[in-house]
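Presented as structure tokens, the chain that follows is alone, the form predicted on its own.
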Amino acid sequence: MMNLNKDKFITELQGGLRELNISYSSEQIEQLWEYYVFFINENKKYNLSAITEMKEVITKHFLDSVVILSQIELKNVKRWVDIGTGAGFPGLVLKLFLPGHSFYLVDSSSKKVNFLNQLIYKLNLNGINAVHGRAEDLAKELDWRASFDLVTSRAVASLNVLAEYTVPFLRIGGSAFLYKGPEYLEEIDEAKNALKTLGAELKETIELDVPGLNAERYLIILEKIEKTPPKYPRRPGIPNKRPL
């Protein structure tokens, strides 16, 4: 087990949250500490992330997940789905700051979903479910399709692929919050056809400033403006092989 310094963790985390102007409670700080300890102790078993150093986990996982909270308006939204959630970034971290909201965490790795279910139990969270499955399959199901206010993803797929994974989950008027790096402009250009086909449009692009993160970070916000044709998403693997 790594030598874990709680005081140092709390000081670092609180400093980052203050810099982002995100209010927090002592309970949320304690939950994130428990999250971190469990993540570190279980990481090798579940192959969650190559990022394990405390400062990097705080910056690249926790702060990077919640940075959007100081940038977006969250009126009349309650139901979220996080696609390709991995170890719960950003979905589970956002849930801790939005306890009254409902979250579904989706990942195709059963090991990661198992980790998340244990963590949800450990943190005694309600209104959050970790689900093993693929976006292409779940978005075809009646309970999932066009039923979410918000969808998030920090997945590595390019925007034209990611749009097909995420937009079908949204109700009309719902938004997708997609975390991207410096190549975002090229991706937006390549995704024009995909967005039109899926019934979405680019609403806004926001440059994010994550404390301690040197890399460029952007938030791409898509809005669903009309119904996604029933044929989308296509069957598993096809969106990635043949992007719209």
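A quick note: this is a predicted structure, and the numbers were derived from the prediction, not measured. The first residue of the shown sequence is 1; numbering continues from there.
Only in words, not in the display: the form predicted together with S-adenosyl-L-homocysteine, which the text now covers.
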Consider the chain as shown here, without its partner, and state which of 77, 155, 98, 72 has a heavy atom within 4.5 Å of S-adenosyl-L-homocysteine in the model of the complex. 155
Proximity to S-adenosyl-L-homocysteine in the model of the complex, single hit among 135, 159, 81, 170 (heavy atom within 4.5 Å): 135
Looking at heavy atoms inside 4.5 Å, which stretch does S-adenosyl-L-homocysteine contact in the model of the complex, given the options 102 to 110, 122 to 130, 141 to 149, 170 to 178? 102 to 110
Taking S-adenosyl-L-homocysteine in the model of the complex, which residues along 82 to 96 bring a heavy atom to within 4.5 Å of it? 84, 85, 86, 89
